[in-house]
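Have a look below at one chain only, the form predicted alone, in structure tokens format.
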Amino acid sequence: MTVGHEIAAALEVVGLHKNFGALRVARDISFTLEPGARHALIGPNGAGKTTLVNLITGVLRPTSGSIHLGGVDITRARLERRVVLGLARTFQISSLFLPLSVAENVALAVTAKAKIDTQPYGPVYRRDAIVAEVQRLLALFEIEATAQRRVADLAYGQRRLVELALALALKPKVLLLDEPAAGLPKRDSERLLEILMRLPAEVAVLVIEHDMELVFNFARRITVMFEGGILAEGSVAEIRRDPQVRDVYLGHRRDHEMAS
């Protein structure tokens, strides 16, 4: 969708507020993700990051403000409608079927996107088009060797990659990654970063993360939240040297890390 000759933002949040009675958990939040954005959302625990993601995905309804996805107003849209329009979220609540294989899990996501009723046709993984797409996704995340293994038997880091493959199977325009590096050892976190760098260039990615090494290496812009609102937004370099961000979130003990 375009306005004049301008391409609509992948995601636009304007003046978002959320109150639970007298408690305000989101206040006047506005930001934009352009198509292909690599954006990070950071802030201390309780800053409102999860609340914002829940508002964007439709888990919560805003008290006021608006949310547009690709130029379409989704402020009051159901969760399912947002997915159809191109919004995917992963790493918050596992959507994996543990008794099934990796290939079967990814195949189910592929068929869901294609709106294929698998019942009359037998196992989805036997259909050529499905097999090809599953193989493509497994190769993208370097998990081909796990294709026939049950998800229940995978290591934690491998499950995270499978979840990401499921999200990409939905062909999103906007991908929300909720703390993808949480619980991962450094080696797995480094591998995750390498794989995130290979995500399709046309997909706008918003990553909510506490791992500053991943954030600074992945994001091109960063939004910092504090007490339900936006404290600062800017490039990685601008956020690194912002004195408010240092004092309120990153703390003086991280000064050396930010400067390095």
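For clarity, a rigid core is taken as the largest C-alpha set superposing within 1.5 Å between two forms. The first residue of the sequence shown is number 1, and the count goes up from there. If you're wondering where the values come from, they're calculated on a predicted model, not measured in any experiment.
The protein also exists as the form predicted together with a small molecule; that form is not presented, and the subsequent description refers to it.
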- line: Partner contact check in the model of the complex: of 193-201, 216-224, 23-31, 63-71, the stretch with a heavy atom within 4.5 Å of the small molecule is 23-31
Thr57, heavy atom within 4.5 angstroms of the small molecule in the model of the complex: no
query: Heavy atom to heavy atom, is His39 within 4.5 Å of the small molecule in the model of the complex?
result: no
query: Using heavy atoms and a 4.5 Å limit, would one call Leu206 a contact residue for the small molecule in the model of the complex?
result: no
query: Applying a 4.5 Å heavy atom distance criterion, does Glu133 contact the small molecule in the model of the complex?
result: no
query: Taking Asn45, Thr50 and Glu179 as a possible spot, do all three reach the small molecule in the model of the complex with a heavy atom inside 4.5 Å?
result: yes
task: Indicate whether Pro243 shows a C-alpha shift of 2 Å or more between the shown form and the other one, with the rigid core used for the fit.
output: no
